[in-house]
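One chain follows as structure tokens, the form predicted alone.
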Amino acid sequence: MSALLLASDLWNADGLWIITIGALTNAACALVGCFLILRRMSMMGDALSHSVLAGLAVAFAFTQSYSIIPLFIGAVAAGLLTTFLTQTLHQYARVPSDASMGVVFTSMFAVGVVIIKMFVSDGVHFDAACVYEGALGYSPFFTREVFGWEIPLAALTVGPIAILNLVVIVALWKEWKLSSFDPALATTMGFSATLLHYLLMTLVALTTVASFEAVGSILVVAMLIVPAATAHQLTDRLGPMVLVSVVIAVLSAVFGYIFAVWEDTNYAAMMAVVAGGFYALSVVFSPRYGLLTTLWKNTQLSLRVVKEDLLAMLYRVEEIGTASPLTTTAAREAVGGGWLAYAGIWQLTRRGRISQANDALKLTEFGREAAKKLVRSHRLWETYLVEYLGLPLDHIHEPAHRVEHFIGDEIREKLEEKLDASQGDPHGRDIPE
């Protein structure tokens, strides 16, 4: 990207207004989107973006005017009707929530198409491309003077909605937080979960309608879901989740605009693509739920299991008292081989739990104490399975082998309270002290 492009095409008044309108739209959607994600209603934004067509068509059929107020009222009414019908079908007709949502919004969308064909004259133009892509690039050219400043109409429409969303969320923070995680408890404590649900759906409908003309359905649906879903990958706490989602929404507007100018493509669509890119990064690099984090945790768990299996195996070899020691090669093959076996032996040696001499592995005193705990957990659990669950002897080794790695001191003490370890395990072997 050349410096000339940066100076002339990016950072001018129109470009800054496009970024501002995109950021306001994205932030307004992200604020309410967090609560949609928590309530497992991610597709409600998609449903509303389709069903408002019926409200727009009815409002235009009655007024024959492009005036924003009647269109706004019609779209919001259609959004609320969609919410009411979806909730009613789910609550009273026992229709699954996803099915009720799918039935209602497709029906409302079809009604909108029928009304347009029946009552809107051929001379009237409904721009389908505008519905999907919006007209963000043209938004700086339609302005209204406010205190001597020429402000784009889109900013005057979306800005108050973003502020309204923020004010309502701050004012009803405790109530919405409680009803999002436990609606029954919220109702029991005097906060009507149904009323809070419809208030949220009203805000979602207002946000969808206000954003529709400027950015189109693609960005509205994307921004209701993607920033909140990305933030949820990064944190489990609602406060930071809302804050992070707004930051991602604003960054999506900034970088989406830059890439759209660079590639000479649609602004709203590129902002949605950037938001999707942020989500993809969070899926890979999230500190708690990312793929890399999960891979690292699984690898560490597998390595710990291999090391513990090696220790327990060496203890049992000592217990049997065989003349020939366990060789390194035999130990690696016994735990499945591969690099985990090499790494397990290397770490146990380095940490002083086993020693190697003439290709033979032996437990150190430190390693023997650790192995004794593992074998004790294994045999206590086998005893518990026989005495309390009545499992036959040939069915108890594998479950005990899996569980022994997750039995800590607390569970082991409870097993010791219930069982008489001095009697040995069900196979007749001693349970180590």
Partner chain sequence: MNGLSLNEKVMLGTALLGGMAGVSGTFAVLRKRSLIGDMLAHTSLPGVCIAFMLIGSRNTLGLSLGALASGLVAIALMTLVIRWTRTKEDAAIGIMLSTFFGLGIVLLTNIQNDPAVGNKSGLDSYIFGEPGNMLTRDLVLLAIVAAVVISLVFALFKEFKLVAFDSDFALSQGWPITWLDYAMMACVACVTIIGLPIVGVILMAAMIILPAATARMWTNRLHTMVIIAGVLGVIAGVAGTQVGRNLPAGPVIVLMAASLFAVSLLFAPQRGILPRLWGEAQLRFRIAREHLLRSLYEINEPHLSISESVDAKPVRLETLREHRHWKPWLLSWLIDRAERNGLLYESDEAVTLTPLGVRKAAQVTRTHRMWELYMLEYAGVAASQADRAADNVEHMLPESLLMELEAKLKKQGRLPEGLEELPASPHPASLRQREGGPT
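Positions refer to the first chain, counted from 1. Just so you know, these numbers come straight off a predicted model, no measurement behind them.
One more form of this protein, predicted together with its partner chain, exists but is not displayed; see below.
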Single option in 360, 195, 114, 189 placed near its partner chain in the predicted bound form, where near means a heavy atom within 4.5 Å
114
One residue of 27, 37, 380, 59 in contact with its partner chain, assessed in the predicted bound form (non-hydrogen atom, 4.5 angstroms)
37
Out of 261 to 269, 312 to 320, 76 to 84, 325 to 333, where are the residues with a heavy atom within 4.5 Å of its partner chain in the predicted bound form?
261 to 269
Spell it out for me: taking its partner chain in the predicted bound form, does every residue among 247, 296 and 407 have a heavy atom no farther than 4.5 Å from it?
no
Can residue 233 be called a contact residue for its partner chain in the predicted bound form at 4.5 Å between heavy atoms?
yes
With a cut-off of 4.5 Å between heavy atoms, is residue 41 one of the residues that contacts its partner chain in the predicted bound form?
yes
I'd like to check something about residue 50: if you look in the predicted bound form, is any of its heavy atoms closer than or equal to 4.5 Å to a heavy atom of its partner chain?
yes
Distance check, residue 92 to its partner chain in the predicted bound form, heavy atom within 4.5 Å:
yes
Determine the residues of 79 to 107 with a heavy atom within 4.5 Å of its partner chain in the predicted bound form and present them in sequence order; the list may be empty.
89, 92, 93, 94, 95, 96, 98, 99, 101, 102, 103, 105, 106, 107
